[in-house]
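Here you get one chain, nothing else, as structure tokens; it is the form predicted on its own.
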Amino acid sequence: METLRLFDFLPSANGYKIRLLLTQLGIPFERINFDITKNETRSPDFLSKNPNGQIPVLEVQPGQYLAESNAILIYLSEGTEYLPYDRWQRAQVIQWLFFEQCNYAYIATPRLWISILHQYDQHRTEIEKLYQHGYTALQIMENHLQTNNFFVGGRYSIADISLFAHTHVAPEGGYDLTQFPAIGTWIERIKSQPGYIDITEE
């Protein structure tokens, strides 16, 4: 079997989703870093792998590339405990993956501007607007987690991985998570899962 190659940017929460799942599945992979702060994902070489110019991209075999982090999560988790076989629970996992994609920019973009690009002053007004939507999304998650240990079926799945990746680093974008105790407990629960790695680990 060919070693998977992950085209990634280490601080990226979307890339982290894939590293975390691969590690927890025990699948070896090679990580190749593309620095988005230097526009490395806009090179002809990278665009030949993903015309959208975004990481992560997973090379599943030579010349075969899969983009979009949640699509990669589904691909990797097929036939594993991280993606339910039950039709209803599987649909719920996909529902939360769509929720994450619809709302993650509100949480991810302030972190990008503040902690990665150090452009808070340039984007102050936009950031304040993003917070309004981001806090709404966090409240939806908080409400769900008040009565659920995980997002689907009472067990850890790629729904949790997808939502955790951006949520646990939201304070780096100026979000206050102390007002969401159920999210805080869930974050610690995720960190206690077998095979857990930190976002800074390659």
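The numbering used is simple: start at 1 and walk along the sequence shown. All figures in this text were calculated on a predicted structure; none of them were measured in a lab.
FYI, the form predicted in complex with a further copy of the same chain isn't displayed, but the following is about it.
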Tell me whether Val60, Glu78 and Phe99, taken together, all sit within 4.5 Å of a further copy of the same chain in the predicted bound form, counting heavy atoms only. yes
Check each of Glu142, Glu40, Glu68, Glu172 and return the one that places a heavy atom within 4.5 angstroms of a further copy of the same chain in the predicted bound form. Glu68
Please name which of the stretches 145-153, 49-57, 172-180, 30-38 has residues with heavy atoms lying within 4.5 Å of a further copy of the same chain in the predicted bound form. 49-57
Can you check whether Trp88 is within 4.5 Å of a further copy of the same chain in the predicted bound form, heavy atom basis? yes
Should Gln119 be counted as a contact of a further copy of the same chain in the predicted bound form, where contact means heavy atoms within 4.5 Å? no
If we define contact as a non-hydrogen atom of the residue within 4.5 angstroms of the partner, is Gln95 a contact of a further copy of the same chain in the predicted bound form? yes
Taking a further copy of the same chain as it sits in the predicted bound form, is Leu112 near enough to touch it, meaning that at least one heavy atom pair lies within 4.5 angstroms? no
